[in-house]
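Shown below, as structure tokens, is a lone chain in the form predicted on its own; questions about how it binds or moves come after it.
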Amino acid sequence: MSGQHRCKHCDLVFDSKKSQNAHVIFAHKTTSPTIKKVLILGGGFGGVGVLKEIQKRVSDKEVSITIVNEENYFLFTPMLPEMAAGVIHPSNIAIPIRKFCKQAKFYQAVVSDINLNERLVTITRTFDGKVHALEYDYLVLSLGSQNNFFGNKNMEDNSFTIKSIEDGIALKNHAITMMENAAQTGDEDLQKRLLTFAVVGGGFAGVETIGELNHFIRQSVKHAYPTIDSKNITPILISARGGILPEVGEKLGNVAMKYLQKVGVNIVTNTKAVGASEAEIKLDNGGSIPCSTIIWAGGVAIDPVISSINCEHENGGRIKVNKFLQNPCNPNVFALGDCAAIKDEKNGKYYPPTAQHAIRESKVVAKNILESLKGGTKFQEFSYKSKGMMATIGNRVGVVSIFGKNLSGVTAWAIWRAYYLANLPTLEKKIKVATDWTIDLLFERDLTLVGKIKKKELQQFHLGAEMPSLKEQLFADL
């Protein structure tokens, strides 16, 4: 019926949007007081893990669950370097968060403020800047981390990063563009500059990215770019430490270094990248490297909204938690993953912010929230001994430290793939990634260059004068 507005909660019809909004705000402004509200901030391994565990054991008549994330998908980050090198299709390592929401409500929005005293979280809708406040009885903080350029604006402006699906797509497109450009010049110096790519950071992200990208470019040049001289391909890995991959230990780190050097990667150790321009990267020893591609994997920082929360912090701004993963002064607030300072009581060290730890932490957080919901006090402590660390370093080669044993080569690479395939959510994505891997074994990589994609912005979108106040919005749907 034209000009009429129907309430989706009770099916009443109103003759104006304003009347409908007023009805929703005052007639449906909250759920029953007996229904507890669980609010999860972050859609990574931690947040999605908590969501899945709680949904298994409660109904929407008992608990209202809401999850907020800036993107509308969960990204399986361990496979991001393979995606950037064209092995895996981007959508195959991204799962829409709504896929996990069996009974939960999902908001794609930016978390603007967290007020623990009022038990309110302010979120901002990305497409028009509309602000909402969300109530909670239990809050789960799992917002992850951001790239940390340590205040170096030139580096930030002139480098690629490797944390998001957009990063992976951009990096692959750029690599293909550089090969296309290099193929059209007979100037050897220019060709070398176009094919020099420097990765800053000797940890997992940096090493896996340089390994995958090196293989991708060398194989592509071999099969598709006859005018490019392969000796002009110059991959460089810059590490501030004396070696690489400290997470897997010195011995395996040396194995990885020797392999990368064998396949043509130049490794610069004990050196920091301190500046960058469009054409070069500057080093702290006074030198510089001419290159057309800089990839930053040199550090992460806590989300400012986490570090600004009025509560106890440790370990670089992370939320302090006890052995039950609760903030000590706010037992209804749980933190895990990158934004939590979780101390191993056995050695006094902080647990590393890895995917395998976040998965285990999410199970403990979910169990403790469920225990609290039923009025119990038998909370589970978080204690976890890592099963090992692993990395892929190139074409069917990996390094693995598992159960006290060190492995390298094809066996380690196969273990890496088996472990992460098993932990990839949904059967559909497992099949698609396995298919991508099979295709990569049988065929050459796709060199299609995806051009600019038009995106409609709604920043000037006006909602009129009927916008309710922030307090009213607390009870309204997005």
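Numbering starts at 1 and runs along the sequence shown. These figures come from a predicted structure and were not determined experimentally.
One more form of this protein, predicted together with a small molecule, exists but is not displayed; see below.
Out of the listed residues Phe197, Phe204, Trp296, Tyr136, Phe204 is the one that sits within 4.5 Å of the small molecule in the predicted bound form by at least one heavy atom. Note on the partner interface in the predicted bound form: the residue among Glu371, Glu156, Asp303, Glu280 having a heavy atom within 4.5 angstroms of the small molecule is Asp303. Using a 4.5 Å cutoff between non-hydrogen atoms, Gly337 counts as a contact of the small molecule in the predicted bound form.
In the predicted bound form, the small molecule sits beyond 4.5 Å of every heavy atom of Thr234. Heavy atoms of Ala276 never reach within 4.5 Å of the small molecule in the predicted bound form, leaving it off the interface. The closest non-hydrogen atom of Val111 lies within 4.5 Å of the small molecule in the predicted bound form. Look at 58 to 66, 421 to 429, 438 to 446, 44 to 52: in the predicted bound form, residues with non-hydrogen atoms within 4.5 angstroms of the small molecule sit in 44 to 52.
Proximity of Asp189, Glu212 and Cys291 to the small molecule in the predicted bound form is absent: no residue of the three has a non-hydrogen atom within 4.5 angstroms.
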